[in-house]
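Only one chain is included here, represented as structure tokens and corresponding to the form predicted alone.
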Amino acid sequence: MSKQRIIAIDGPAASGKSTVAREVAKRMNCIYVDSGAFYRGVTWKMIQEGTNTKNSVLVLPVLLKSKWNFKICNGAVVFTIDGVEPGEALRGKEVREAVSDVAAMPAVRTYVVNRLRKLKKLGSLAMEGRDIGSVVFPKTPYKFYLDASPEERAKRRHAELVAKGETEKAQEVLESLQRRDQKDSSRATAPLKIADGAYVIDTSGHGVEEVTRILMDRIVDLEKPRTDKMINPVWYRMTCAVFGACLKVLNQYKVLGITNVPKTGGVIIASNHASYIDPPAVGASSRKMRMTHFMARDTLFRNLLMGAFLRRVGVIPLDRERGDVKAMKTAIQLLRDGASVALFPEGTRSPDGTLQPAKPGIGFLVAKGNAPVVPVYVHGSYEAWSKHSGGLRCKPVTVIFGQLITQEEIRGLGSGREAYSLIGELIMKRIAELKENFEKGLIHE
């Protein structure tokens, strides 16, 4: 029996998710599901019944008395409501303008989400929508978020409408999309957002074939078999548990955004480095998601007991005095095999706790490892144990994991030596943004 996949493809209107989801479903033998059609179906039924689509009190009677039947037609889920298949009426202007209000109603979202989840019994699904990865199937590893500029999306939508014979002006389409974006992003129930751990793809200027290839390549990466021969799981988990317990007691340590770390596939965890605490804090934080390889200076391995321990927990020895080709090759191969590798782009601990520029070799490793990057900011570690503190202090430490920096975004910086410094700058910029947002109180539990 083949493996069941739930491929969640989210994004705003006209981002290309419908076309890409259909293509992915066809190529990966999945059933295509347009979750938006379910909300449009409820909207259509309310209009048919003459019900005010802005009145949430009136929607429940419509939902309770309507009978929905589902079937698979040409590889996609279609439905009838009270024996009628709405068809193209779901895409009509009246439904299009009202669906955001209807979809924001808690009763409607509960009704539709329950039915979407039941479709899992049909087999593998390629489901597109606005909250598939964040609400409907938050545990699926196959989470994607497609986006494009409002102008690009309006251009696409206008072309679709013109092809159907509609006469809306391009500016009207843009304004309609912007209103829809505002409603979808600001609604209280299941707002449009990038799901934790989702792989973001900017579809601006890219054709369906290219976006489909990027998405499918990521699925292949996620499904690469992992054999962490370098890590002894018992030693690793025990070590991380001890570090975590000590940090909890001594430093009131907290972890935010941990679900941004994908559970499978090659990934780089890139953190600032201000303290001795940073490696154990990052390792202890990410252990519930996956085991991670760290790098440490090779002199630590000269002690037989320390060396044996470090090897058991998957640490890669690194000669910091010279360019260590062997360590780089080891890390790159681990990433290509689907492992998680932690890096500290600044190279060594910050002398004063401020963020330092990234070392040139980081960009090379990220580019050659061909894996996305999770930026991490460790707050408070400098105050807890800096180069000059003279020992560990009982100061609070918080580890914040940010949104994935995708390989598509990294490749967009160019290739070769010129791109390596840009990659390092991008990573440190994202870490700086995490620091700023956390200190402003914008990131919290």
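On a predicted model such as this, the values are computed, not experimentally measured, just so you know. Don't overthink the numbering: it's just position in the shown sequence, from 1.
Just so it is clear, the following notes concern the form predicted in complex with ligand DC, a form of the same protein that is not shown.
Not one of 269, 290 and 338 is positioned with any heavy atom within 4.5 Å of ligand DC in the predicted bound form. Of the listed positions (221, 278, 131, 346), a single one reaches within 4.5 angstroms of ligand DC by any non-hydrogen atom in the predicted bound form, namely 131. Residue in contact with ligand DC in the predicted bound form (any heavy atom within 4.5 Å), chosen from 232, 239, 100, 350: 100. Of the heavy atoms in residue 368, none are within 4.5 Å of ligand DC in the predicted bound form. Proximity of residue 156 to ligand DC in the predicted bound form falls outside the 4.5 Å heavy atom cutoff. Heavy atoms of residue 39 reach within 4.5 Å of ligand DC in the predicted bound form, making it an interface residue. For residue 53, no non-hydrogen atom is located within 4.5 Å of ligand DC in the predicted bound form, even though that partner is not displayed. Heavy atoms within 4.5 Å of ligand DC in the predicted bound form map, among the stretches 202 to 210, 100 to 108, 167 to 175, 312 to 320, onto 100 to 108 alone.
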